[in-house]
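Taking the form predicted on its own, here's one chain by itself in structure tokens.
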């Protein structure tokens, strides 16, 4: 026997799983059945594509057995007599000793440490986490005080047994199994015994695993009376539909069927927001069944996110780890692609370059975006979708030029003229007759933007401005440039009002030029330029970016993305010639006071943009000196 310890992080995760992570203990059975299905999928694929496996008998099935020790098919040790147990067995690919240690001694391949850090707040109650982090097997310890796994790998002679109580150690020893496959035995805790009856097990299987494509048999014993004796008769019956549900005609399927299948492949406890079922015939034959979840997966913004689409060829599972099946920005989509035309032994390299799969991908993207657009018929539903997945759609606008126009129609923003969200098309309908530009303002949060001095000129002219408070807007919208030939112009830039300048504005600029020159001399190391502003009415100053320079917000984004070499680009300070402070400053002969006020005009403009002055102590001292003079 080989005794091994779980890694420290695994111990922490096991404790979380058992005591606080999942609020639905029944999912342990869903996870064990899903693992068994994966093992059968793997062996099915190998028997069709690998000569060394073609002689292996393949009659796939999953068996769930429950009861007391003496009622079970799998023999237990004498010390566990009458302990309530459940077994889940398959005749799939199986595991050898190395596989058992690798697969059952390590948790969360996407990074256990990151996983543990992510478990905060409501996430600890989200049972959807199991499927995303590869920890499904360990959900067994929610209902079992000990778990045994006996497995024999296809093509090998020796079976092995893995044993653990989930408290820090596991043992691996030689075992006995007549054929390839895996049997998982759960020795139930007192609270876990509620699952040891065929009504409960059948209900769980139908709820989560009805469309697993292999038959699931329930094995149990029924007592019956024969004369004066009571005897136990073994019962066996299939309890799932075991169909490739996506291949069934849509006319034969109900919403409940789609919801059940979605839950079986995603491990989500909620129904999907929307399902998209396509069966294409012609030169290329394929079936796709896609789902839009109600909630974004926790790894949506991780570099190593888990793809949500499974690829089948003629109903044979090929992969669920191919990120090229759909564009990255649609990584929240869950579902199945099944092709009739691809070869079963296609390699990953061939997949990425295959013209058939490219055609399926392109058609699927158009269909998905069309269905997303249809959600707008129910604005409340679409807003709910957009809260979860609006940001990935913006990524698509930047990445997918072929579908950019369609994606632009799906985007929504807050606005100075409407409650809730509005779209580009809705803004266009409300534009003034002589207005030729769609205006927007970007920044860190909606509240700050709505009080920004940059809005004053547009508010005065009663012109609508889109409020863009998502940092990705700083990258996406300038790259787009136009919506249906209408220019998109940022208020954060110096040229935003160029098309609105009057002759009076130009004369005001000339009049205040001497003051601008004095301020520029003081701030020459901190600003790119100082200008008289035509956009301000109530505020004395603001900062903007030069037409071709990155805004302050964009500089912050690039630095947060690890672009540490981003050169600092100085902003432009605009001052309001009509403001009382500026008019009094123009007449000030006290050089020290003039410098303090000039710097405060710049620093308060920075603060309004959410930027802290570089030298906070000096800023406070200047502010105190100015307050003292005013009293």
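Positions refer to the first chain, counted from 1. This structure is a prediction, so every number in the text was calculated from the model and none was measured.
One more form of this protein, predicted together with a small molecule, exists but is not displayed; see below.
Participant: Though the small molecule is not shown, can you say which of 138, 440, 385, 208 has a heavy atom within 4.5 Å of it in the predicted complex?
Facilitator: Of 138, 440, 385, 208, the residue with a heavy atom within 4.5 Å of the small molecule in the predicted complex is 138.
Participant: Looking at 604, 35, 588, 47 here, can you tell me which has any non-hydrogen atom within 4.5 angstroms of the small molecule in the predicted complex?
Facilitator: Here the answer is residue option 35.
Participant: Taking the small molecule in the predicted complex, would 90, 103 and 182 all count as contacting it (heavy atom within 4.5 Å)?
Facilitator: All of them do, each having a heavy atom within 4.5 Å of the partner.
Participant: Though only this chain appears here, would residue 598 touch the small molecule in the predicted complex if you measure heavy atom gaps against 4.5 Å?
Facilitator: Answer no; every heavy atom of residue 598 is more than 4.5 Å from the small molecule in the predicted complex.
Participant: Please tell me whether any heavy atom belonging to residue 95 falls inside 4.5 Å of a heavy atom of the small molecule, as the geometry stands in the predicted complex.
Facilitator: Yes, contact at 4.5 Å.
Participant: Can you work out whether residue 39 and the small molecule are in contact in the predicted complex, taking contact to mean some heavy atom pair no more than 4.5 Å apart?
Facilitator: Answer yes; at least one heavy atom of residue 39 falls within 4.5 Å of the small molecule in the predicted complex.
Participant: Taking 4.5 angstroms as the heavy atom distance cut-off, pick the stretch from 191 to 199, 477 to 485, 218 to 226, 95 to 103 that is near the small molecule in the predicted complex.
Facilitator: In short, 95 to 103.
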